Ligand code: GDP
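In structure tokens, the next block holds one chain alone, the form predicted on its own.
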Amino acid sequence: MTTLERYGFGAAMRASAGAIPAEETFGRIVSAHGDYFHVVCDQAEGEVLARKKTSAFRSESAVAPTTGDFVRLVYNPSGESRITGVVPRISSFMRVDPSSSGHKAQTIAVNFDALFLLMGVNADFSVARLGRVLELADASACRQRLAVLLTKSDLADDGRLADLSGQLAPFGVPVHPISVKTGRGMDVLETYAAPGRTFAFIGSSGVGKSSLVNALAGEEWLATQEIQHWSGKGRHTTTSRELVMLPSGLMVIDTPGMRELGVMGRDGTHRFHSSGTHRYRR
């Protein structure tokens, strides 16, 4: 199996990618830092440093590459490679960029097989947040890939967990209480996982995304910090989207905590929700 096949570039994805010029190859972006991208491909061991080829992305219709994308690139073994295009995505999750005054969409995760919304059973729990995420999932056409993970379930008894799960039941998405600390519910993730598949984790800052990645990896894969007892919130060090390849062959897109969720209304209004409040922009 080639490097790119291990990273999910199977026969179906290759067929949808189409033919490319002889000087180009395919790769997958594992992290993005400003104008620079770290890419894996079959032509090199490890990661390749690449930038966009300016002329290939001048069109307004050009899709901007991001972490998780399969891309076309001109590989340069002695310097920066150049990304020339983005392969059609099998899935995406997007929101309205809260830092933008216009109608700009922000891509959160792409090319995932399963999308997990992580919510803690403590003060992080929010029925309204799931509703807003479902609006975004419907707009992104990925609702069927979404499930909820109730993290830190060791902090609640069975009655409390049943109550929280019941509050989310009307939304019709799978809900799984889990605890990285005790291992409760972790086996349910095995029903979603397989080598070559990609998980995407979304949720508030400190809800346990990085801790969950470490648990799935079986070792300290991403840096984390313990929960702050005075606030009931955890802290973590994820500041950019990263595609992590675990020893099992499963991949995880770990995203920074999302404080705001921007939703496009049917009337063209952009709604931004933050910490239980909302504001409107056009």
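Quick note: we count residues from 1 along the sequence shown, nothing fancier. This is a predicted model, so every value here is computed, not measured.
Only in words, not in the display: the form predicted together with guanosine-5'-diphosphate, which the text now covers.
guanosine-5'-diphosphate in the predicted complex comes within 4.5 Å of no heavy atom belonging to Arg89. guanosine-5'-diphosphate is not drawn, but in the predicted complex it has a heavy atom within 4.5 Å of Gly208.
The shortest heavy atom separation between Lys181 and guanosine-5'-diphosphate in the predicted complex is within 4.5 Å. None of the heavy atoms of Ala105 is located within 4.5 Å of guanosine-5'-diphosphate in the predicted complex. Of the residues Asp154, Asp163, Glu80, Asp138, just one reaches guanosine-5'-diphosphate in the predicted complex with a heavy atom at 4.5 Å or closer; this is Asp154.
In plain terms, the part of the chain that comes close to guanosine-5'-diphosphate in the predicted complex, with a heavy atom within 4.5 Å, is 199-207 out of 199-207, 107-115, 123-131, 71-79.
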